[in-house]
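Take a look at this single chain in structure tokens; it is the form predicted on its own.
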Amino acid sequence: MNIRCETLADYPAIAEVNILAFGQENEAKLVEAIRHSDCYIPELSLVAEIDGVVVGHILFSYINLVGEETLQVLGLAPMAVLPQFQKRLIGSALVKAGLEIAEARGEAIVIVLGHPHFYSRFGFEPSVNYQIESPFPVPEEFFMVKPLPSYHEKYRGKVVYPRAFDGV
């Protein structure tokens, strides 16, 4: 398996991965909307490929954390693996690779809405532990944060997702 940054030629395959993994087009449209926004970070849109075929995708982009000041933090969404390749640690490899790049970039924190059993393996914890509030009502254990080495206690407040996320 090879993990690398997406290229323009990968866009159709990434859309297909997201549609098949989620059973709908919302996440594929989200990826496209983020690419056309100022929240997009090209080096944090990663694909996993096997034998030259894209089988997984992960996207980290900027979202806002509004507290005493408005800070840009990373949101992890979406992450998708083709159904026939799930349960093969491809998603785990994508998360690890993305977190390593985020850390190398000096990012402070990553926020995700996802399954606690999966994301807790990477050090994600409920956001309430860090005084970070979800923008919508979800069980506390599903809205999580992963502090990176650049994390500082000023990262508190309420998450505000950009307009790109409106259709999800």
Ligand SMILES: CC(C)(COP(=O)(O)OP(=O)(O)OC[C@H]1O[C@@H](n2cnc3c(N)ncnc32)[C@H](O)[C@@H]1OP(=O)(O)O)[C@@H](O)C(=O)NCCC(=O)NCCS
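One rule holds for the numbers: they count along the sequence shown, beginning at 1. Nothing here was measured: the structure is a model prediction, and the numbers come from that model.
Separately, the form predicted together with the ligand exists; it is not shown, and the next lines address it.
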{"query": "Contact test in the predicted bound form: Leu113 vs the ligand, heavy atoms, 4.5 Å", "finding": "yes"}
{"query": "Touches the ligand in the predicted bound form: Arg105 (any heavy atom, 4.5 Å)", "finding": "no"}
{"query": "Interface membership of Leu74, the ligand in the predicted bound form, 4.5 Å heavy atom rule", "finding": "no"}
{"query": "Tyr119 within 4.5 Å of the ligand in the predicted bound form, heavy atoms", "finding": "yes"}
{"query": "Among the candidates Leu148, Ala21, Val159, Ala15, the residue which, in the predicted bound form, approaches the ligand to within 4.5 Å (heavy atoms)", "finding": "Ala21"}
{"query": "Interface residues of 44-62 toward the ligand, as seen in the predicted bound form [heavy atoms, 4.5 Å]", "finding": "none"}
